[in-house]
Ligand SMILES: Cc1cc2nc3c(=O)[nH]c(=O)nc-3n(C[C@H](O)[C@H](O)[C@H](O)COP(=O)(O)OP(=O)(O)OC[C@H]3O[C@@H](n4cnc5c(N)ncnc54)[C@H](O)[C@@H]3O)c2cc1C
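Have a look below at one chain only, the form predicted alone, in structure tokens format.
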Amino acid sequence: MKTYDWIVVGAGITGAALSYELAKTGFSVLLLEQNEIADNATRYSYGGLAYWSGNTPITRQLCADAIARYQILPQELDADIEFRELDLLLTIPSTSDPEIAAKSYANCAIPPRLLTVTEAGELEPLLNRDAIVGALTVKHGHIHPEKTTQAYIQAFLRIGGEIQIAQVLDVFTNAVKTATTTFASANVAICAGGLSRQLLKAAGIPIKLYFTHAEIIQTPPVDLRLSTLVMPANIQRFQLEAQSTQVDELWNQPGNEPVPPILDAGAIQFQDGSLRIGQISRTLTDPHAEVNSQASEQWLRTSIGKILPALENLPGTWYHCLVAFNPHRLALIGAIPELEGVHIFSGFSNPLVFVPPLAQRFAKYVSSKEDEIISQLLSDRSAKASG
């Protein structure tokens, strides 16, 4: 049986980028994905690149790294990932104080600029001006997340990487078990997003990695034109994530919902004219929990209709996925002490920005080359685990 240097579990943007960078460094790599057509957070992402949002030395460096990486990535991967820059519009509801909203972004590398209602309406003509008291704007990167992931995978295959469609059932030291076979590897990287906690739990490993059930509506290409990426200035999802993880034990049993669901009304239009409208976030502790799609879709449509009325009744399909997160760090990276050779690479707070540079840095680090940021993240993780 062939033994790989690395097996990477999960072929979303995280697993695809990490597989490519490990293979490019010279490792033999097998990428495992359970679905022929991925049904993950990458597929339903807005595709936004908040490279302006770094507010610590590490996140500012990673944001700078990400922009430099994305500028050369289409040529390196030999693919059009639809990398571009557009205006982000952060709406401030009429019940809020715009100055307070602006101050919450003051520590960002590039703080968004406060707009009047009139200025916001000029930037985004589809905006319902009566629903806001103002807005914030900043230049924002954007990619097509699925095309970027596929570009990474195709480049990975071209340099000798291998991919298998198989559901991983268990992880051991130096091996991964699927429904049909067992693969041997010196190292395993878990990049299974919202399913990572469940997979590691099956292996007897507790880990403080969580997930939300995220819901969006995706439309076919439409003639209507949205000029900006629209999101609320006060993103409730971050509060939801922090509150839902106060009692870790709640996540060890399915059927719990630590906090009520939230909806952050936003929308983005891709270059082909299709739209993604969202998003609802739920902290249901069962990754396979059923959601009432009709009620959710109505909630989404009603909420976006208040901000962007022209989008409310567009034809579209409701989708659902899991989004991994961890409440304290920008990413959960590094070896899992309980299982030799098994690593976690998941729970990114700003995945489309942080994954490409961190995948590159991680591959360098595990090839016995020092990397200051990876070392710092590992030290930070160890300190918090023991604290």
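Each residue number is its position in the shown sequence, starting from 1. Keep in mind it's a predicted model, so treat the numbers as computed, not measured.
What comes next is about the form predicted together with the named molecule, which is not displayed.
Asker: Based on heavy atom distances of at most 4.5 Å to the named molecule in the model of the complex, which listed stretch, 193-201, 240-248, 110-118, 293-301, is the contact stretch?
Answerer: Flagged stretch: 193-201.
Asker: From the list Ala155, Leu209, Val168, Ala233, which entry has a heavy atom within 4.5 Å of the named molecule in the model of the complex?
Answerer: Contact check passes for Val168.
Asker: If you check Ser185, Gln269, Gln279, Thr148 against the named molecule in the model of the complex, which one has a heavy atom within 4.5 Å?
Answerer: Residue within 4.5 Å of the partner: Gln279.
Asker: Does every residue of Ile13, Ile216 and Leu352 put a non-hydrogen atom within 4.5 angstroms of the named molecule in the model of the complex?
Answerer: So, yes: the whole triplet contacts the named molecule.
Asker: Examine Ala363 and determine whether its closest non-hydrogen atom to the named molecule in the model of the complex is within 4.5 angstroms.
Answerer: No, Ala363 is distant from the partner.
Asker: Could you tell me if Thr56 has a non-hydrogen atom within 4.5 Å of the named molecule in the model of the complex?
Answerer: No, Thr56 stays farther than 4.5 Å from the named molecule in the model of the complex.
Asker: Please tell me whether any heavy atom belonging to Gly48 falls inside 4.5 Å of a heavy atom of the named molecule, as the geometry stands in the model of the complex.
Answerer: Close contact exists here: in the model of the complex, Gly48 approaches the named molecule to within 4.5 Å, heavy atoms only.
Asker: Does Val9 reach the named molecule in the model of the complex if we count a contact as any heavy atom within 4.5 Å?
Answerer: Contact with the named molecule, yes.
Asker: Within 24-56, which residues come within 4.5 Å of the named molecule in the model of the complex, counting heavy atoms only?
Answerer: Leu32, Glu33, Gln34, Asn35, Asn40, Ala41, Thr42, Tyr44, Ser45, Tyr46, Gly47, Gly48, in sequence order.
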